[in-house]
Ligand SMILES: C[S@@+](CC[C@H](N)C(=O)[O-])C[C@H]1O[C@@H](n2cnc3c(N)ncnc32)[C@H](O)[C@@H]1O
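Before any questions on how it binds or moves, here is one chain, the form predicted alone, in C-alpha cells.
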Amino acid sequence: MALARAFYKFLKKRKSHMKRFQLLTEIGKKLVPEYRYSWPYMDWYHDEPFNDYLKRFDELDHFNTDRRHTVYQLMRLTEAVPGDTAECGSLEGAGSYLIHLMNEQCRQHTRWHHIFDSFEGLSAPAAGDGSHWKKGDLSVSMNEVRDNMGAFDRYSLYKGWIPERFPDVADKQFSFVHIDVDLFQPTFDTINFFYPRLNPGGIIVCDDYGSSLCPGATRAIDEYLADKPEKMLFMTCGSGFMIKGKETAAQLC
C-alpha cells in the first residue's frame, strides 16, 4: 500500500494527464506486454447521473463501468421500440436497476421490466463451459435484488431455473433483453425464447459474449443466430449486442 501511495504521488507530479497516462502505459507494457491499451477518451467519466448510479452499487472504481455505460447508451436506441424489458441473470440487480432507470428517462412509463434468476447461483456447468465456474457461484438472494431496486415498482421477479419461468411472459413482446447467465444451456434457452418475441429495432445484449470465462455463452449465441439475419456484435469492452431486423455481416476475419 505504501508503494502504491508513493507511485501515485509520483504520477501527480507529472505535468499533465497525458504524461501520466503515457507513463502508465510504459510500465504496463513491461508488466503485461500483450495488453492493448486504448486512448483515454474519458469525457463519459464525468456523466454525473451515470456516476450516481455506479456509486449506488459501489461500482465507480470497478473494471466493468464501460460495459454498464454501453447498456446505458444502447437503451437509448430502444426509446421508440414498443415492448417490455427483461434481464436474465440479475446478480445483485445493478443491471436491472439501470434498465428500469432508462425506461423512465426514455419516457417509457408503460414498460414493465421482468427479472429472471434462480437466486441460487449458477447451475452446474457442462464440459463446454470451461473450468472457471462451479455450481452455486454468483448466488444473490431475491430480497437483496428487491432492496436494490429501490423505489421502482414497474418490475417483476421470477425465481426459478431458466427456462422454467419463461411461460409466465409468453404473451409479452420485448424491446430490450439483457442476458447474463454465463453458461451454454441457459444462454441458448434465453435467446431461443426472447428472440421471437423481440420487436423490430429491439436489442439483445449478452453480457458474457466473447468472454474467455464464458465460452459456452458465446457458442450458444453463435449457434442460435447461425441461420438468422442478425449476428452478435462483439464489443472490446466485453459483451455483445444485436438489433432485431438489422442484417449483420458475418465476421470477415
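The numbering used is simple: start at 1 and walk along the sequence shown. All values derive from a computational prediction rather than experimental measurement.
Same protein, other form: the form predicted in complex with this ligand, not shown, and the subject of what follows.
Although this ligand is omitted here, in the predicted bound form all of 89, 162 and 181 have a heavy atom within 4.5 Å of it. The partner is not drawn, yet in the predicted bound form one stretch among 112-120, 169-177, 146-154, 75-83 has residues with heavy atoms inside 4.5 Å of this ligand: 112-120. This ligand is not drawn, but in the predicted bound form it has a heavy atom within 4.5 Å of residue 138. Contact check for residue 216: every heavy atom lies farther than 4.5 Å from this ligand in the predicted bound form.
Proximity of residue 186 to this ligand in the predicted bound form: non-hydrogen atoms within 4.5 Å are present.
This ligand is not drawn, but in the predicted bound form it has no heavy atom within 4.5 Å of residue 56.
In the predicted bound form, just one residue of 57-78 lies within 4.5 Å of this ligand by at least one heavy atom: 68.
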